[in-house]
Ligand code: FAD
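What follows is one chain in C-alpha coordinates, specifically the form predicted alone.
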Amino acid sequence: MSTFDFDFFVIGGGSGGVRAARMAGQRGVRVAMAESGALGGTCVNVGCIPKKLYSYAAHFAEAFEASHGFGWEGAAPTLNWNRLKANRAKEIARLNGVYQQLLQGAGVRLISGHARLVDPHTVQVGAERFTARHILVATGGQPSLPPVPGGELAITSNEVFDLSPFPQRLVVVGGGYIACEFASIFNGLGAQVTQLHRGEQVLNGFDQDVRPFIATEMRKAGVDLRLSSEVASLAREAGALRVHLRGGEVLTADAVLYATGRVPNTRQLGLEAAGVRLTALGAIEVDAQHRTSVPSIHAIGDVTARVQLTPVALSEGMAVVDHLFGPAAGKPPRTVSYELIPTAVFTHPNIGTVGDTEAQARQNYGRVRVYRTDFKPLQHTLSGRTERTLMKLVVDDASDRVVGLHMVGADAGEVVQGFAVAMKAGATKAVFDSTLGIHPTAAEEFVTLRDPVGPAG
(Lines give C-alpha, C1' and ligand atoms only; values in the text may rest on other atoms or scores of the structure.)
Protein backbone atom coordinates (compact mmCIF):
# COMPACT_ATOMS: atom_id res chain seq x y z
CA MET A 1 0.00 0.00 0.00
CA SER A 2 1.34 3.44 -0.98
CA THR A 3 2.57 5.72 1.75
CA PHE A 4 1.84 8.78 -0.40
CA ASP A 5 -1.44 10.67 -0.58
CA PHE A 6 -1.15 10.79 -4.38
CA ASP A 7 0.89 9.18 -7.11
CA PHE A 8 1.06 12.42 -9.10
CA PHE A 9 0.66 16.00 -7.89
CA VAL A 10 0.47 18.72 -10.54
CA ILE A 11 1.17 22.32 -9.59
CA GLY A 12 -0.45 24.61 -12.14
CA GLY A 13 -3.66 24.26 -14.12
CA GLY A 14 -2.51 25.60 -17.48
CA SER A 15 -2.59 23.73 -20.76
CA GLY A 16 0.37 21.45 -20.00
CA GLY A 17 -0.60 20.73 -16.41
CA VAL A 18 -4.22 19.97 -17.25
CA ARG A 19 -3.22 17.63 -20.07
CA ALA A 20 -0.75 15.74 -17.87
CA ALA A 21 -3.19 15.44 -14.96
CA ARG A 22 -6.01 14.28 -17.19
CA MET A 23 -3.92 11.71 -19.08
CA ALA A 24 -2.55 10.31 -15.82
CA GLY A 25 -6.00 10.19 -14.22
CA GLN A 26 -7.42 8.28 -17.16
CA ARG A 27 -4.82 5.58 -16.53
CA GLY A 28 -5.95 5.03 -12.97
CA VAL A 29 -3.20 7.10 -11.37
CA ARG A 30 -4.15 8.96 -8.17
CA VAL A 31 -3.80 12.58 -9.26
CA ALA A 32 -4.22 15.96 -7.58
CA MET A 33 -3.88 19.39 -9.11
CA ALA A 34 -3.39 22.72 -7.34
CA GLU A 35 -4.32 25.95 -9.11
CA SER A 36 -4.77 29.38 -7.58
CA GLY A 37 -6.47 30.99 -10.59
CA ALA A 38 -8.75 30.01 -13.45
CA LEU A 39 -8.15 26.70 -15.16
CA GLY A 40 -6.50 26.89 -18.56
CA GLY A 41 -3.60 29.12 -17.63
CA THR A 42 -2.27 31.90 -19.82
CA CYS A 43 -3.37 30.39 -23.13
CA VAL A 44 -7.06 30.11 -22.29
CA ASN A 45 -7.46 33.13 -20.04
CA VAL A 46 -5.10 35.89 -21.20
CA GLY A 47 -3.21 34.45 -24.15
CA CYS A 48 -3.81 32.44 -27.30
CA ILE A 49 -7.59 32.11 -27.17
CA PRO A 50 -8.73 35.65 -26.28
CA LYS A 51 -5.98 37.09 -28.48
CA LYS A 52 -7.19 35.12 -31.50
CA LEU A 53 -10.80 36.15 -30.79
CA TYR A 54 -9.75 39.80 -30.74
CA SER A 55 -7.73 39.27 -33.90
CA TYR A 56 -10.88 37.98 -35.61
CA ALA A 57 -12.74 41.06 -34.36
CA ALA A 58 -10.08 43.38 -35.71
CA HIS A 59 -10.26 41.88 -39.20
CA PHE A 60 -13.90 42.90 -39.63
CA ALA A 61 -13.02 46.57 -40.06
CA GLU A 62 -10.67 45.65 -42.91
CA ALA A 63 -13.29 43.33 -44.40
CA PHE A 64 -16.03 45.97 -44.37
CA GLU A 65 -13.73 48.43 -46.10
CA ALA A 66 -12.61 45.87 -48.65
CA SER A 67 -16.20 44.84 -49.41
CA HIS A 68 -16.84 48.06 -51.35
CA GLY A 69 -14.61 46.80 -54.14
CA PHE A 70 -16.87 43.76 -54.43
CA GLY A 71 -20.03 45.81 -54.81
CA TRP A 72 -21.16 46.12 -51.21
CA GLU A 73 -22.35 49.57 -50.25
CA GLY A 74 -23.13 51.38 -47.04
CA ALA A 75 -21.25 52.53 -43.97
CA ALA A 76 -19.39 50.03 -41.83
CA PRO A 77 -20.81 49.32 -38.38
CA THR A 78 -19.01 50.58 -35.29
CA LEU A 79 -17.28 48.52 -32.64
CA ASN A 80 -19.09 47.88 -29.37
CA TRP A 81 -16.02 47.28 -27.21
CA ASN A 82 -18.02 46.32 -24.14
CA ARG A 83 -19.95 43.68 -26.06
CA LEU A 84 -16.74 42.20 -27.45
CA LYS A 85 -15.28 42.02 -23.93
CA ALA A 86 -18.43 40.45 -22.53
CA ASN A 87 -18.67 37.83 -25.28
CA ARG A 88 -15.00 36.97 -24.87
CA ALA A 89 -15.41 36.60 -21.10
CA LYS A 90 -18.40 34.32 -21.61
CA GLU A 91 -16.44 32.06 -23.95
CA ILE A 92 -13.44 31.91 -21.62
CA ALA A 93 -15.72 31.00 -18.70
CA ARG A 94 -17.17 28.19 -20.82
CA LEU A 95 -13.68 26.87 -21.53
CA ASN A 96 -12.79 27.06 -17.83
CA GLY A 97 -15.81 24.87 -17.14
CA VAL A 98 -14.82 22.40 -19.87
CA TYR A 99 -11.37 22.02 -18.31
CA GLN A 100 -12.91 21.40 -14.90
CA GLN A 101 -15.26 18.76 -16.27
CA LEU A 102 -12.44 16.97 -18.09
CA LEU A 103 -10.33 16.83 -14.95
CA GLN A 104 -13.15 15.70 -12.73
CA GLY A 105 -14.15 13.10 -15.30
CA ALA A 106 -10.62 11.70 -15.14
CA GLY A 107 -10.80 11.46 -11.36
CA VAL A 108 -8.37 14.32 -10.68
CA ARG A 109 -8.78 16.03 -7.31
CA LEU A 110 -8.78 19.80 -7.77
CA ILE A 111 -7.28 21.85 -4.95
CA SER A 112 -7.78 25.61 -5.07
CA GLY A 113 -4.88 27.67 -3.81
CA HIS A 114 -1.21 28.53 -4.20
CA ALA A 115 1.00 25.47 -3.93
CA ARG A 116 4.50 25.44 -2.47
CA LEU A 117 7.05 22.64 -2.33
CA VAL A 118 8.09 21.61 1.17
CA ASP A 119 10.44 18.79 0.19
CA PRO A 120 10.88 16.42 -2.78
CA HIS A 121 7.59 14.64 -2.02
CA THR A 122 5.49 17.20 -0.13
CA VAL A 123 3.33 20.08 -1.35
CA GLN A 124 1.63 22.64 0.86
CA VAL A 125 -1.54 24.43 -0.27
CA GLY A 126 -2.80 26.89 2.31
CA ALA A 127 -2.82 25.10 5.66
CA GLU A 128 -2.90 21.60 4.12
CA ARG A 129 0.01 19.37 3.21
CA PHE A 130 -0.08 16.58 0.64
CA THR A 131 2.49 13.96 -0.24
CA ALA A 132 3.07 12.55 -3.72
CA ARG A 133 5.38 10.02 -5.32
CA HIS A 134 5.86 12.34 -8.30
CA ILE A 135 5.36 16.11 -8.56
CA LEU A 136 4.99 18.09 -11.78
CA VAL A 137 5.58 21.84 -11.81
CA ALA A 138 3.67 23.50 -14.67
CA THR A 139 3.21 27.04 -13.41
CA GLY A 140 3.93 28.83 -16.70
CA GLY A 141 5.21 32.36 -17.03
CA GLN A 142 4.08 35.94 -16.69
CA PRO A 143 4.78 39.27 -18.42
CA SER A 144 7.62 41.35 -17.05
CA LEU A 145 7.72 45.13 -16.72
CA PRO A 146 11.07 46.88 -17.18
CA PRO A 147 12.32 49.16 -14.40
CA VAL A 148 11.66 52.50 -16.12
CA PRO A 149 10.48 55.47 -14.07
CA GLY A 150 6.68 55.39 -14.07
CA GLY A 151 6.63 51.80 -15.30
CA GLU A 152 3.85 50.97 -12.85
CA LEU A 153 1.51 53.03 -15.06
CA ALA A 154 1.88 50.57 -17.92
CA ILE A 155 -0.22 47.46 -18.48
CA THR A 156 0.75 44.02 -19.77
CA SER A 157 -0.98 41.50 -22.00
CA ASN A 158 -2.75 40.22 -18.87
CA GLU A 159 -4.78 43.43 -18.53
CA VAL A 160 -5.15 44.52 -22.15
CA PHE A 161 -8.28 42.46 -22.86
CA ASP A 162 -10.39 44.32 -20.30
CA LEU A 163 -9.28 47.92 -20.75
CA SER A 164 -11.97 50.45 -19.94
CA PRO A 165 -12.69 52.56 -21.81
CA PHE A 166 -11.35 51.51 -25.20
CA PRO A 167 -7.94 53.19 -25.67
CA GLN A 168 -8.19 55.60 -28.57
CA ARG A 169 -4.42 56.16 -28.34
CA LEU A 170 -2.37 53.08 -27.50
CA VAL A 171 1.40 52.89 -27.21
CA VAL A 172 2.82 49.37 -27.49
CA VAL A 173 6.39 48.86 -26.29
CA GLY A 174 8.26 45.86 -27.66
CA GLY A 175 9.19 44.17 -30.90
CA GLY A 176 8.41 40.53 -30.23
CA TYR A 177 5.40 38.58 -31.43
CA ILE A 178 3.13 39.64 -28.56
CA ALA A 179 3.84 43.33 -29.15
CA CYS A 180 3.34 43.01 -32.91
CA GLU A 181 0.11 41.07 -32.48
CA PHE A 182 -1.49 43.56 -30.11
CA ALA A 183 -0.33 46.51 -32.20
CA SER A 184 -2.06 44.93 -35.20
CA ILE A 185 -5.18 43.98 -33.24
CA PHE A 186 -5.83 47.36 -31.65
CA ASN A 187 -5.00 49.15 -34.87
CA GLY A 188 -7.64 47.00 -36.57
CA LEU A 189 -10.14 47.70 -33.78
CA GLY A 190 -9.78 51.43 -34.40
CA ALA A 191 -7.13 52.69 -31.99
CA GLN A 192 -4.32 55.01 -33.00
CA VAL A 193 -1.37 52.70 -32.31
CA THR A 194 2.26 53.65 -31.90
CA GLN A 195 4.66 50.74 -31.49
CA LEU A 196 8.09 51.44 -30.02
CA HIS A 197 10.98 48.99 -30.32
CA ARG A 198 14.54 49.68 -29.29
CA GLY A 199 15.96 47.23 -31.85
CA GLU A 200 16.65 47.77 -35.51
CA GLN A 201 13.84 45.45 -36.63
CA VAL A 202 10.89 43.60 -35.09
CA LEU A 203 10.62 39.86 -34.49
CA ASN A 204 14.18 38.94 -33.64
CA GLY A 205 14.82 35.29 -34.49
CA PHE A 206 12.43 35.18 -37.43
CA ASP A 207 13.56 34.90 -41.04
CA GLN A 208 15.48 37.82 -42.51
CA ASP A 209 12.85 38.40 -45.21
CA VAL A 210 9.84 38.01 -42.90
CA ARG A 211 10.94 40.74 -40.48
CA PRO A 212 11.08 43.78 -42.79
CA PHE A 213 8.13 42.49 -44.81
CA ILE A 214 5.74 42.38 -41.84
CA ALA A 215 7.05 45.74 -40.61
CA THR A 216 6.12 47.26 -43.96
CA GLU A 217 2.69 45.63 -43.96
CA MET A 218 1.92 46.77 -40.42
CA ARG A 219 2.85 50.33 -41.29
CA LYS A 220 0.71 50.20 -44.42
CA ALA A 221 -2.20 49.05 -42.25
CA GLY A 222 -1.80 52.10 -40.01
CA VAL A 223 0.54 51.12 -37.16
CA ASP A 224 3.06 53.86 -36.39
CA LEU A 225 6.01 51.50 -35.95
CA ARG A 226 9.13 53.21 -34.65
CA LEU A 227 12.38 51.26 -34.53
CA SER A 228 15.50 52.18 -32.55
CA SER A 229 13.16 53.96 -30.17
CA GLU A 230 13.35 53.59 -26.40
CA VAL A 231 11.16 54.77 -23.53
CA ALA A 232 12.85 56.91 -20.87
CA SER A 233 9.91 57.30 -18.49
CA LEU A 234 6.14 57.33 -18.12
CA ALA A 235 4.05 59.92 -16.31
CA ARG A 236 0.37 60.71 -15.84
CA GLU A 237 -0.51 64.29 -16.67
CA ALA A 238 -3.89 65.91 -17.17
CA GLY A 239 -5.72 62.58 -17.31
CA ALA A 240 -3.44 61.09 -19.97
CA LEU A 241 -0.19 59.18 -20.06
CA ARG A 242 2.95 60.90 -21.28
CA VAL A 243 5.55 58.61 -22.81
CA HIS A 244 8.95 60.29 -22.70
CA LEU A 245 11.38 58.89 -25.27
CA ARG A 246 15.14 58.93 -24.91
CA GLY A 247 15.45 61.26 -27.87
CA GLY A 248 13.35 63.86 -26.09
CA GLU A 249 10.01 63.35 -27.87
CA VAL A 250 6.89 62.97 -25.74
CA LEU A 251 3.90 60.85 -26.83
CA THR A 252 0.40 61.10 -25.39
CA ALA A 253 -1.54 57.90 -24.81
CA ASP A 254 -4.64 56.55 -23.12
CA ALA A 255 -2.82 53.31 -22.32
CA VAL A 256 0.72 51.96 -22.60
CA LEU A 257 1.13 48.24 -23.18
CA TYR A 258 4.50 46.73 -22.34
CA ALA A 259 5.23 43.49 -24.20
CA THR A 260 8.97 43.24 -23.71
CA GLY A 261 9.31 39.72 -22.38
CA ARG A 262 8.02 37.04 -20.05
CA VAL A 263 9.57 35.39 -17.00
CA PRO A 264 8.97 31.91 -15.54
CA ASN A 265 6.65 31.66 -12.54
CA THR A 266 9.17 30.23 -10.10
CA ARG A 267 8.86 32.63 -7.17
CA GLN A 268 7.30 31.43 -3.90
CA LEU A 269 7.17 27.84 -5.09
CA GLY A 270 9.60 26.51 -2.50
CA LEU A 271 11.96 25.32 -5.21
CA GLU A 272 15.05 26.13 -3.17
CA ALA A 273 13.73 24.25 -0.15
CA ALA A 274 13.13 21.19 -2.30
CA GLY A 275 16.55 21.45 -3.94
CA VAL A 276 15.34 22.25 -7.47
CA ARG A 277 17.98 24.02 -9.55
CA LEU A 278 17.19 27.04 -11.72
CA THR A 279 18.92 28.25 -14.85
CA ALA A 280 20.74 31.58 -14.99
CA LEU A 281 17.55 33.12 -16.37
CA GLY A 282 15.41 31.88 -13.48
CA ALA A 283 13.73 28.97 -15.26
CA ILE A 284 13.57 25.45 -13.90
CA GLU A 285 16.42 23.33 -15.22
CA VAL A 286 15.26 20.02 -16.72
CA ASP A 287 16.81 17.11 -18.61
CA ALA A 288 15.56 15.31 -21.72
CA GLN A 289 12.88 13.52 -19.67
CA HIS A 290 11.76 16.82 -18.11
CA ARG A 291 13.22 15.85 -14.73
CA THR A 292 14.55 18.56 -12.50
CA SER A 293 17.64 18.19 -10.29
CA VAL A 294 15.32 16.38 -7.86
CA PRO A 295 14.34 12.98 -9.36
CA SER A 296 10.78 13.05 -7.99
CA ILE A 297 10.04 16.50 -9.43
CA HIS A 298 9.44 17.21 -13.13
CA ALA A 299 8.68 20.48 -14.90
CA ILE A 300 7.14 21.37 -18.26
CA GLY A 301 6.03 24.36 -20.27
CA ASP A 302 6.91 28.01 -19.93
CA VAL A 303 8.32 27.58 -16.42
CA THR A 304 11.27 25.80 -18.06
CA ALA A 305 11.59 28.54 -20.75
CA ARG A 306 12.59 25.86 -23.26
CA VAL A 307 10.05 26.60 -26.01
CA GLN A 308 7.20 28.82 -24.87
CA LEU A 309 4.32 27.50 -26.97
CA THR A 310 1.11 25.83 -25.81
CA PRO A 311 1.41 22.75 -28.09
CA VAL A 312 4.93 22.19 -26.74
CA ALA A 313 3.66 22.22 -23.15
CA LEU A 314 0.90 19.77 -24.10
CA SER A 315 3.39 17.43 -25.74
CA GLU A 316 5.76 17.66 -22.78
CA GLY A 317 2.94 16.87 -20.37
CA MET A 318 2.02 13.71 -22.24
CA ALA A 319 5.67 12.67 -22.46
CA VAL A 320 6.06 13.00 -18.68
CA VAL A 321 2.98 10.85 -18.06
CA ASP A 322 4.27 8.15 -20.43
CA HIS A 323 7.68 8.28 -18.78
CA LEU A 324 6.33 7.98 -15.24
CA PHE A 325 3.32 5.71 -15.67
CA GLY A 326 3.82 4.00 -19.01
CA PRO A 327 2.20 4.77 -22.37
CA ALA A 328 -1.44 4.22 -23.19
CA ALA A 329 -2.35 0.69 -24.24
CA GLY A 330 -0.95 -0.17 -27.64
CA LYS A 331 0.91 3.13 -27.97
CA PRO A 332 4.66 3.76 -27.95
CA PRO A 333 5.97 6.11 -25.25
CA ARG A 334 5.92 9.74 -26.34
CA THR A 335 8.98 11.89 -26.67
CA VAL A 336 9.17 15.57 -27.57
CA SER A 337 11.02 16.71 -30.66
CA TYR A 338 11.95 20.39 -30.68
CA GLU A 339 12.75 20.37 -34.39
CA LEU A 340 10.34 21.66 -37.01
CA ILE A 341 7.92 23.24 -34.55
CA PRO A 342 5.39 25.23 -36.59
CA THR A 343 4.18 28.51 -35.20
CA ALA A 344 2.04 31.47 -36.17
CA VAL A 345 2.02 35.15 -35.30
CA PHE A 346 -1.40 36.79 -35.51
CA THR A 347 -0.30 40.10 -36.88
CA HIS A 348 -2.24 41.65 -39.74
CA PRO A 349 -1.41 39.94 -42.03
CA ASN A 350 -0.54 36.70 -40.22
CA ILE A 351 2.85 35.01 -40.14
CA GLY A 352 3.30 31.26 -40.36
CA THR A 353 6.68 29.55 -40.12
CA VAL A 354 8.22 26.12 -39.63
CA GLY A 355 11.84 25.01 -39.68
CA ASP A 356 15.01 27.02 -40.13
CA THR A 357 15.36 30.62 -41.10
CA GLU A 358 17.64 31.19 -44.06
CA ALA A 359 20.49 32.19 -41.73
CA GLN A 360 20.01 29.09 -39.56
CA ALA A 361 19.91 26.82 -42.60
CA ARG A 362 23.15 28.25 -43.97
CA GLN A 363 24.78 27.62 -40.60
CA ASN A 364 23.35 24.09 -40.28
CA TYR A 365 23.69 22.83 -43.85
CA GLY A 366 26.16 25.04 -45.67
CA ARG A 367 24.85 25.24 -49.23
CA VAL A 368 21.13 26.03 -49.45
CA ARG A 369 18.73 27.07 -52.17
CA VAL A 370 16.21 29.81 -51.46
CA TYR A 371 12.88 30.22 -53.24
CA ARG A 372 10.87 33.37 -52.59
CA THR A 373 7.90 35.24 -53.97
CA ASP A 374 5.70 38.11 -52.90
CA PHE A 375 2.51 39.14 -54.62
CA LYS A 376 -0.84 40.86 -54.27
CA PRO A 377 -3.42 38.21 -53.28
CA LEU A 378 -6.39 37.72 -55.61
CA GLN A 379 -8.77 39.15 -53.02
CA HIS A 380 -7.02 42.50 -53.07
CA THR A 381 -7.17 42.90 -56.84
CA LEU A 382 -10.71 44.15 -56.18
CA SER A 383 -10.57 45.22 -52.54
CA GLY A 384 -8.34 48.20 -53.19
CA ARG A 385 -5.99 47.24 -50.36
CA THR A 386 -2.25 47.22 -50.98
CA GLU A 387 -1.54 44.23 -48.71
CA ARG A 388 0.92 41.73 -50.14
CA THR A 389 1.81 38.13 -49.33
CA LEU A 390 5.31 36.70 -48.88
CA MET A 391 6.23 33.03 -49.30
CA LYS A 392 9.66 31.50 -48.90
CA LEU A 393 11.24 28.04 -49.01
CA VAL A 394 14.72 27.17 -47.76
CA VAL A 395 16.16 23.94 -49.19
CA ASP A 396 19.24 21.96 -48.16
CA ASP A 397 21.10 21.70 -51.46
CA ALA A 398 22.76 18.37 -50.69
CA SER A 399 19.62 16.41 -49.77
CA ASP A 400 16.99 18.55 -51.56
CA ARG A 401 15.01 18.49 -48.29
CA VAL A 402 12.86 21.53 -47.48
CA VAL A 403 14.22 22.72 -44.13
CA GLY A 404 12.48 26.07 -43.78
CA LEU A 405 9.09 27.40 -44.86
CA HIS A 406 7.85 30.92 -44.14
CA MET A 407 4.73 32.87 -45.03
CA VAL A 408 3.30 36.30 -44.35
CA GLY A 409 -0.28 36.57 -45.51
CA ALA A 410 -3.91 35.80 -44.78
CA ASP A 411 -4.43 32.60 -42.77
CA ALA A 412 -0.70 31.86 -42.80
CA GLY A 413 -1.00 29.63 -39.74
CA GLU A 414 -3.68 27.50 -41.38
CA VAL A 415 -1.58 27.14 -44.53
CA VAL A 416 1.71 26.33 -42.82
CA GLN A 417 0.24 23.64 -40.52
CA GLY A 418 -0.24 21.24 -43.42
CA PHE A 419 3.20 21.88 -44.85
CA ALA A 420 4.69 21.21 -41.41
CA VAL A 421 3.40 17.63 -41.65
CA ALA A 422 5.12 17.22 -45.02
CA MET A 423 8.37 18.62 -43.66
CA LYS A 424 8.20 16.31 -40.63
CA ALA A 425 7.95 13.45 -43.12
CA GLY A 426 11.13 14.69 -44.84
CA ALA A 427 9.58 16.17 -47.97
CA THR A 428 12.06 17.29 -50.60
CA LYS A 429 11.75 20.15 -53.04
CA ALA A 430 11.12 17.52 -55.71
CA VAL A 431 8.10 16.30 -53.73
CA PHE A 432 6.81 19.87 -53.47
CA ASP A 433 7.30 20.30 -57.23
CA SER A 434 5.40 17.10 -58.02
CA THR A 435 2.43 18.11 -55.84
CA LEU A 436 -0.48 19.74 -57.64
CA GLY A 437 -1.65 23.06 -56.26
CA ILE A 438 -5.20 24.01 -55.42
CA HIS A 439 -6.14 26.84 -57.75
CA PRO A 440 -6.71 29.67 -57.11
CA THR A 441 -5.18 29.79 -53.63
CA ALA A 442 -2.19 31.47 -52.10
CA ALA A 443 -1.01 28.11 -50.72
CA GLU A 444 -0.42 26.74 -54.23
CA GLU A 445 2.55 29.08 -54.55
CA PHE A 446 4.53 26.79 -52.24
CA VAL A 447 4.31 23.97 -54.81
CA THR A 448 4.86 26.13 -57.90
CA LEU A 449 8.08 27.91 -56.88
CA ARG A 450 10.55 26.81 -59.53
CA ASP A 451 13.45 29.27 -59.71
CA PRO A 452 15.75 29.81 -56.73
CA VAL A 453 16.78 33.30 -55.73
CA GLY A 454 20.38 33.27 -56.95
CA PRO A 455 22.67 30.24 -57.06
CA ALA A 456 22.92 27.77 -54.20
CA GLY A 457 25.29 28.91 -51.54
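All residue numbers are counted from 1 along the displayed sequence. Only a predicted model underlies this, so the values are computations on that prediction, with no experimental measurement involved.
This protein has a second form, the form predicted in complex with the ligand, left out of what is shown; the following refers to that one.
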item: Non-hydrogen atom within 4.5 Å of the ligand in the model of the complex for each of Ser36, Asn265 and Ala313; value: yes
item: Contact residue in the model of the complex, chosen from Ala32, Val403, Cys48, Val415 - any heavy atom within 4.5 Å of the ligand; value: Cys48
item: Of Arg219, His114, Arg277, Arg129, the one that lies within 4.5 Å of the ligand in the model of the complex (heavy atoms); value: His114
item: Candidate stretches 430-438, 8-16, 444-452, 21-29 - the one whose heavy atoms come within 4.5 Å of the ligand in the model of the complex; value: 8-16
item: Contact test in the model of the complex: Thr194 vs the ligand, heavy atoms, 4.5 Å; value: no
item: Touches the ligand in the model of the complex: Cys43 (any heavy atom, 4.5 Å); value: yes
item: Contact test in the model of the complex: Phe186 vs the ligand, heavy atoms, 4.5 Å; value: no
item: Contact of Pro167 with the ligand in the model of the complex (heavy atom, 4.5 Å); value: no
item: Within 109-146, the residues that have a heavy atom no more than 4.5 Å from the ligand in the model of the complex; value: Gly113, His114, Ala115, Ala138, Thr139, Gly140, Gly141
